[in-house]
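As structure tokens, one chain now follows by itself in the form predicted alone.
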Amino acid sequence: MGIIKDDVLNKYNNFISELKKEIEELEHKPNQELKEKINNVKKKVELIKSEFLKGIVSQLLRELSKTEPSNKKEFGQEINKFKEIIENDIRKITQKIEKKERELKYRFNFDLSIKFLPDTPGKLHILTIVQKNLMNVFAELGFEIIDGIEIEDEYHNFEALNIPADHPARDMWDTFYFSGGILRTHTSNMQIRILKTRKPPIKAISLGKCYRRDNMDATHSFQFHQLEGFSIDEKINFLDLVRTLYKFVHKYFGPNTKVNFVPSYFPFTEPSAEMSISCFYCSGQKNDCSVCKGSGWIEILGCGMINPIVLKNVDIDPEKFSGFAFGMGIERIAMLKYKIPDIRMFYQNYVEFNQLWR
């Protein structure tokens, strides 16, 4: 005779059989009754746990210590088998209930489709609009537009840009690594690829998605869009960079926008600078301005003269040629232009987003 009595097994089997019938009936219940029936089943699952697992099984395990040593192994196996049967039944029932709850939550009175209205024109996403506008401005300034690759190797993404393996900037530009390479951290990789195959004079921009190991918050994302521009020729100097960016700012933000350069550091440019523009919302007149925070200035991009080391890495003579480069986050430009408070809004698939921020 085993340690588990027949009346216990019969009671459990009858309980489970009735519960399985109730679950089968859920398929035929209208939605208004489904939630109540699901709650009833969940209560019975908790009853199984308390009465059989925490109650009978726990009691049997306590009694096992008092049995004859010769019976302990057999009785212990019997208890564990009964326990496994209960746990498997609970797991299967729970999975079915969770499935019905998901159906109730996402299918009942929730239409995932978008109503098609033939007289309503589609709209471009704001990021697409900003990219197109930026491309148009730089095309007018004589820049060639070049597409780029997102899956890159460490040489083109880091080393050729004067960021060796032991450089501290590697931490700043940490990215996603996999067996086939890495996801690029900036569009500067295309500067190297273009200069490897073509020789100056070159004047081009490249834009697209980039990736970094950033935590998502209102101003950071592990995926973002960037625009990189550069120009290389004989006798190019910092004044050429300033003139180019002045023209860009006046075309895109308005002719009365002022520009300010502050010295900075980037491994691939020397000298380097951060460029800010005068606040186009308050003109520096409001201390509580939500865009410039009362400073009157908005930082929009980094820039500088291409480091001679980078030119040497692509077999360009830095004694003969020089160049400048600049890079800007397209999300940042869009957020400033349209006063969008949170970068995550670009990626949340909210249909009304474009209309709200036009």
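Numbering starts at 1 and follows the sequence shown. Keep in mind that this is a model prediction, so the values were computed, not measured.
One more form of this protein, predicted together with a small molecule, exists but is not displayed; see below.
- Partner contact region in the predicted complex: 318-326, out of 49-57, 36-44, 62-70, 318-326, criterion any non-hydrogen atom within 4.5 Å of the small molecule.
- None of the heavy atoms of residue 152 is located within 4.5 Å of the small molecule in the predicted complex.
- Although the partner is absent from this view, residue 214 contacts the small molecule in the predicted complex, with a non-hydrogen atom inside 4.5 angstroms.
- When contacts are judged by a 4.5 Å heavy atom cut-off, residue 162 does not count as touching the small molecule in the predicted complex.
- Contact annotation: residue 96 falls outside 4.5 Å of the small molecule in the predicted complex, judged by heavy atom distances.
- A single residue from the set 253, 143, 82, 224 has any heavy atom within 4.5 angstroms of the small molecule in the predicted complex; that residue is 224.
- A heavy atom within 4.5 Å of the small molecule in the predicted complex is found for one listed residue only; from 286, 170, 193, 220, this is 220.
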